[in-house]
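Given next, in structure tokens, is a single chain: the form predicted alone.
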């Protein structure tokens, strides 16, 4: 019954997309759709696949992310406190380790990032290493999620973190190689896709609900924003380091030839 409900809701979400595509095809372009049976079969597969995926989110990823946050921040798991003492932010170090590890691993396995990195390597003629690009994005994602969990633990406002990150992005944009800037901004977007978003959202909400004095509404959201920003920073940083190494090698070559 739950699957049928999700299937019907997904159908309502897909219908406007199908209406726009077929409407433009028949009313604007005024041509028949090539291989119409295959196209319709593809829509059916998308409908069924999305329904199973959404059901999986509800039954696995969302509960698992919330459960991990609840267990890692439980008083029975955290270090024992002396009577009358207040808990320090460093007591939640397992939360930070888990956030970093899950952020890096889910990003490395993100299909959209793999596709973008492969295409970037092909178009650049080998200048951009697909694996190094994925590692740079994964480190940015991991750091952003870790910083987000620390912000929830401390209860700091989200806007100061976002403002500081954007200032750093602007500075790097002015000083980074021009060819890497569009790729860096796209890398920040492709990381927040089907695998990472459910776990990040569940982790933030579960952590905010588990820590006394935190509101899931006010503190639980915002981790995805940081997860989008920091891969931009790390990718441009990777490009800046690579450019600096190239300039250093170019300076060293003439000096070696003179000797």
Partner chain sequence: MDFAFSLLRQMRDSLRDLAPVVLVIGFFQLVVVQQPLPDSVNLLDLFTGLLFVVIGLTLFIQGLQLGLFPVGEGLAQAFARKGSVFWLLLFSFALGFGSTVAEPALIAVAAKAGEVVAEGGLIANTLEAQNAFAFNLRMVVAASVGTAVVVGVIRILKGWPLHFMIIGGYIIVLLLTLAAPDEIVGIAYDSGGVTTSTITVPLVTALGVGLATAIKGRNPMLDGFGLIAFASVMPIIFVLAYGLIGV
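For clarity, a rigid core is taken as the largest C-alpha set superposing within 1.5 Å between two forms. It should be emphasised that the depicted structure is a prediction, and the values quoted were computed from it without experimental measurement. Numbering follows the first chain given and starts at 1.
Absent from the display: the form predicted together with its partner chain. The rest refers to it.
Between its partner chain and the residues 79, 155, 177, 189, the one pair within 4.5 Å by heavy atoms in the predicted complex involves 189.
When you look in the predicted complex, the only residue of 128, 139, 169, 147 with a non-hydrogen atom within 4.5 Å of its partner chain is 169. Using a 4.5 Å cutoff between non-hydrogen atoms, residue 97 counts as a contact of its partner chain in the predicted complex. Heavy atoms of residue 50 reach within 4.5 Å of its partner chain in the predicted complex, making it an interface residue. In the predicted complex, no heavy atom of residue 211 sits within 4.5 Å of its partner chain. Its partner chain in the predicted complex comes within 4.5 Å of a heavy atom belonging to residue 20. With contact defined as any non-hydrogen atom lying within 4.5 angstroms of its partner chain in the predicted complex, the contacting residues in 53 to 79 are 53, 54, 55, 56, 57, 59, 60, 61, 62, 63, 64, 67, 68, 71, 72, 76, 77, given in sequence order. In this overlay on the rigid core, residue 90 has a C-alpha that sits less than 2 Å away from its partner position between this form and the one not shown.
After superposition on the rigid core, the Cα atom of residue 181 is displaced by less than 2 Å between this form and the one not shown. When two forms of a protein are overlaid on their rigid core, residues whose CA moves 2 Å or more are considered shifted, and residue 123 is one of them between this form and the one not shown.
The distance between the CA atoms of residue 123 and residue 176 is at least 3 Å shorter in the predicted complex than in the form shown here.
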